[in-house]
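Next up is one chain by itself, shown in structure tokens, the form predicted on its own.
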């Protein structure tokens, strides 16, 4: 087996860093929902793709700047996140049943996307796509750089909010022991709906980043589930920074595996890392 050149390995690692940032960005809202709300929200992926298609429509047909579509996409996804969680709370859905219920919501979202945009591939053509920076022999595409920067900024911003603000402390208290937190005056319902809306908004941001970088098709919703789940579990449930770090580790590992061995080996990487962690530290996740 011939080893690839150092330049190819470096470019592959850089590409893995960028895709890992997107893994972490998608996993950010999922991990918060799972860890703090105890809802395994598969509809998070459906919301992200719905946001990607709305961004595509507004930018391609409406002529908006893709980043400017965040002003519409984020409030829309916030409202949908609140509505979905209110529905789950209304019927007192358990964590396990939330997995099944939100899978059904994802299927509904996928069907809705297909009915509006069909199952054909869609690619957002924007001024960002052709812009690249060069450092030596390495290329840094602007859409991927923006995605990584947004992922890092949101992860650290939410980490700071959860750690240093009264709202963040209240949400962590509710996740730890809801009855005791409620006894001290924390409005459990309001905080849960607010956090669900924030998770939905994060899905909207991830969807815009998806539209900037990738070709869209409704069936791709499920292709992201496994690797993002692995990133969330590796990073820790309810942790804002964990999924980003784990996503980068997985992304770089996958990219180097594709460069050294074969692309067909890449999907094995995330679950191999997850299984290894579970064997070494069973209580990590």
Partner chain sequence: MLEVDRLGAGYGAAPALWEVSLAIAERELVCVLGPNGAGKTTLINAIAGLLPARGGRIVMDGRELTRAAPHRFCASGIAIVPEGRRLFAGMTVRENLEIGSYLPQARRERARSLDYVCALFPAVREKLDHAAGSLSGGQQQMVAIGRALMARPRLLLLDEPSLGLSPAIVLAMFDAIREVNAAGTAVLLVEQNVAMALDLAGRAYLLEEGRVVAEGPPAALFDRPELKRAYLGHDPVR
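This is a predicted model, so every value here is computed, not measured. Positions refer to the first chain, counted from 1.
If you look for the form predicted together with its partner chain, you will not find it shown, but the lines that follow are about it.
- The partner is not drawn, yet in the predicted bound form one stretch among 202 to 210, 77 to 85, 145 to 153, 179 to 187 has residues with heavy atoms inside 4.5 Å of its partner chain: 179 to 187.
- Among the residues 158, 89, 173, 193, the one placing a heavy atom within 4.5 Å of its partner chain in the predicted bound form is 173.
- Though the partner is left out of this view, residue 134 does not reach within 4.5 Å of its partner chain in the predicted bound form, counting heavy atoms only.
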